[in-house]
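Next up: a single chain in structure tokens, the form predicted alone.
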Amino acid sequence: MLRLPEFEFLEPSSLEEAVKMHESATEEVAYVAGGTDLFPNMKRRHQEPQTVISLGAIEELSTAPEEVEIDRRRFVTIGANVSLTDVSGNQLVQTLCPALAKAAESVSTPALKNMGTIGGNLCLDTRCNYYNQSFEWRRSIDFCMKKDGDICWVAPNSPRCWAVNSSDTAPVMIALGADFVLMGRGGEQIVPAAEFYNDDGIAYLNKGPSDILTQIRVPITPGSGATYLKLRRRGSFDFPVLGVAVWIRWNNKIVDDARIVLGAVASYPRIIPEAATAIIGTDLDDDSIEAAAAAAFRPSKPMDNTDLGLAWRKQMTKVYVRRALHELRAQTD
């Protein structure tokens, strides 16, 4: 049985207190919300914080989804500690951000969705077949550069880590043009979702160590539609081996703007502007859909560090982009 190591558990009641606790720590420290990512990682000794700061008692992080107006723009705002179950089952999210509800519902099992938070899924640790193993397994082949070693077993000659971003909600947030509100030592800042992720399996989040994701703001865009499709071995529980998030803004059944984002094929959710360009200005006819699918296929470069064959997963990029666009076209009929 894998067991948690000993650690100090702190439970601040405010964001300011949590940041101060993090800043004053002299050893490795980590925030925890639902714990569905951190605690398994600690059991496998991927992360070994001596201090764990719980965000569960901070009331403002648990604000249920609500519609607000900020600078004359409408948003759905969601506290980072809202559970994935509550996000996917919320009527406002289902009505105004159905792609987000769909992505949140697709995460893992009901029990883990009840525990896991939307903020936790957005900050999910990158994953790899050579990393997400027990300490003894990793020691037997020698450790990788993501933890305790100096080599990437996916690409041994590479100077960087290729662990994969496997969040289901992150590609959707980028496609929808969401903003993330962070609180840290410098106060509050707003970061576009597209700028929150780095193409680096180790330094995968663009935030300071003590920064806390506090709120998600999803813009409400009239005349738009979005969807999310997920490829995995089993219909429940599994992480994605491919995620496709697509957002389209329509103008009289012509695509006025679009974003197409691939998940689980890189260390960050990958925006494919060439695929979006292929459908902008069209009525999403079959030829433009095929052009977008081909454009998404070229930069999709899954590696041999997740489930199923990488060549097949690359081919499925075309299939899933095509399916997503057909789904959105059908919504206009």
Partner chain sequence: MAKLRVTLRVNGEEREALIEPQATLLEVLREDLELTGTKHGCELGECGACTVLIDGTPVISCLALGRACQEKDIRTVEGMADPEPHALQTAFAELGAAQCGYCTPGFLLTAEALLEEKSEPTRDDIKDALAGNLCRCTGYIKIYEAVELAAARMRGENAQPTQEAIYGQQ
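What you see is a predicted model, and the numbers here were worked out from it, not measured in a lab. Residue numbers count along the first chain shown, from 1.
What follows is about the form predicted together with its partner chain, which we do not show.
Worksheet item: Just one stretch in 102-110, 187-195, 207-215, 173-181 has heavy atoms within 4.5 Å of its partner chain in the model of the complex, so which one is it?
Response: Among the candidates, contact is made by 102-110.
Worksheet item: Only one of S236, Q91, S158, N251 has a non-hydrogen atom within 4.5 angstroms of its partner chain in the model of the complex; which is it?
Response: Checked against the cut-off, the match is S236.
Discussion item. Under a 4.5 Å heavy atom criterion, is E6 part of the interface with its partner chain in the model of the complex?
Written reply: Result yes; E6 sits at the interface with its partner chain in the model of the complex.
Item to complete: May I ask you to check whether G34 falls inside a 4.5 Å heavy atom distance of its partner chain in the model of the complex?
Response: Answer yes; at least one heavy atom of G34 falls within 4.5 Å of its partner chain in the model of the complex.
Discussion item. In the model of the complex, is there a heavy atom of its partner chain that lies within 4.5 Å of any heavy atom of N114, even though the partner is absent here?
Written reply: Yes, N114 lies within 4.5 Å of its partner chain in the model of the complex.
Practice prompt. Answer yes if any heavy atom of P40 is within 4.5 Å of a heavy atom of its partner chain in the model of the complex; otherwise answer no.
Written response: Looking in the model of the complex, residue contacts with its partner chain include P40, since a heavy atom lies within 4.5 Å.
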